[in-house]
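Take a look at this one chain, the form predicted on its own, written out in structure tokens.
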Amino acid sequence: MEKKYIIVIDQGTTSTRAIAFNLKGEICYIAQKEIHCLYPFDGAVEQDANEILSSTIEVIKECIEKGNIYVREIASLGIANQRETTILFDKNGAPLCPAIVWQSKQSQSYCDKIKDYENVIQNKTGLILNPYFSASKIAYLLDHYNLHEKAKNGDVLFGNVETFLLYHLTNKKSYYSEIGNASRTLLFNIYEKKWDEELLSIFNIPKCMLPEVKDSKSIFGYTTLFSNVPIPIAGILGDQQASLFGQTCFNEGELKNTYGTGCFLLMNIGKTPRRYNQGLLTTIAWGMDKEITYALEGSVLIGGAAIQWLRDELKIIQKSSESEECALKSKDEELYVVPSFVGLGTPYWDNDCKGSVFGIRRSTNKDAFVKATLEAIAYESKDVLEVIKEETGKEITSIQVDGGASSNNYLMQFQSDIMNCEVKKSYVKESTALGVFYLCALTLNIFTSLEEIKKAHRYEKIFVPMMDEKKRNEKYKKWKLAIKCARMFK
């Protein structure tokens, strides 16, 4: 039977989706299932790894059944995953403890203990010492659940989400980490392209619990979970690298911003890594045909999650889509919201900064609050862009965007205004899944080159800056003051 589809698993922080693409890159069906985050104590964010797995299997099945797809028509599965979320499991695939989510700060004390190694860690990994990454989460779980002896005996396996899913989808035959995901652990030397013995020693993590690392463009294994017809798993990328690939940022200097739970701005920096300052990270974007492409990354820890906060905690909107209408109604120019609910990312990396609001007046209403929260997402992204421009010496005239909050036209126009650059929104909103589709298609020779992919890529809308320079500078100056004040309140 002719191959007609590639199904991409997009396993995110708040939901798991399966997206069926035809071989032209058009979306044919999307299945989605929400998953839960648990907050056992202040600063801790956890998930049930079994729920991550079951939701993945459910959405794939739905995609096949309701999308009227025969398994024999599926050319490949691919995986895009939330990065850094850490899972420890046994050789049967059973989780040994809760998964610690990338947002969680519960392993902060482990980072504090090894602060003397900050330079060593950054020089080898391109990352900063922070509980955001996997290594301190592994150390916390080994201690907290008394797993050190089992780990030394080879009875504990570590994986970020892609490794855990791959292990189960292949019936425990494939135990691999994709190279970009491996580079997010604080244990992988991005220059030597291997797990680093010194880093393992610093975090007291046995090497025997780590998976083998493979290029992003690889056949990772085969799944027969959905029929006796084996389906190859032909591409894996962490969600932000997948978005960079899906936005066709294949050339050095091209960059994108994803507006998901957080915001992640990545720039392709080519084949040679270098260390950056001001809270910027150097990471592996992808590995293809034994060649590594690197990316510079800036992270905003709370992006679209701020809109969810308006909806779920403050209850001033009933659904996220209302935020655009509220913002357009408000004339308030004085209110500033700093949504640092889990601290601040790039360029501050301040884990203790609390969320704050400045400029409340008697006339402040819910519309003003919604508008200021949306604008905060754009300001945070501008903070990242400004240090990227300073560190690279590049003038940025265009940025490509995706993610749920990119559908908010007020936010996108304000982003263009405050950054003073074009904001290009893709025609296919599912850029993360699209990136893995492109990767699988390359692995299977459905597409033969990056140039062919770039020619096929389309944009839905391009926003151009309309704010005058004086106003832009004044508003950004007040934002920086709000950040300064928020960081003082601890």
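From 1 onward, residues are counted along the sequence shown. Keep in mind it's a predicted model, so treat the numbers as computed, not measured.
Although not depicted, the form predicted together with a small molecule is the subject of the following passage.
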item	value
Location of the small molecule contact in the predicted complex, chosen stretch of 316 to 324, 336 to 344, 241 to 249, 176 to 184 [non-hydrogen atom, 4.5 Å]	316 to 324
Non-hydrogen atom contact residue 259 with the small molecule in the predicted complex at 4.5 angstroms	yes
Residue contact check: residue 93 to the small molecule in the predicted complex, 4.5 Å heavy atom	no
Close approach of residue 305 to the small molecule in the predicted complex, 4.5 Å, heavy atom	yes
Non-hydrogen atom contact residue 404 with the small molecule in the predicted complex at 4.5 angstroms	yes
Site test, 128, 268 and 293 vs the small molecule in the predicted complex, non-hydrogen atom cutoff 4.5 Å	no
301, 419, 284, 374 - the one with a heavy atom within 4.5 Å of the small molecule in the predicted complex	374
Among the candidates 408, 218, 108, 364, the residue which, in the predicted complex, approaches the small molecule to within 4.5 Å (heavy atoms)	408
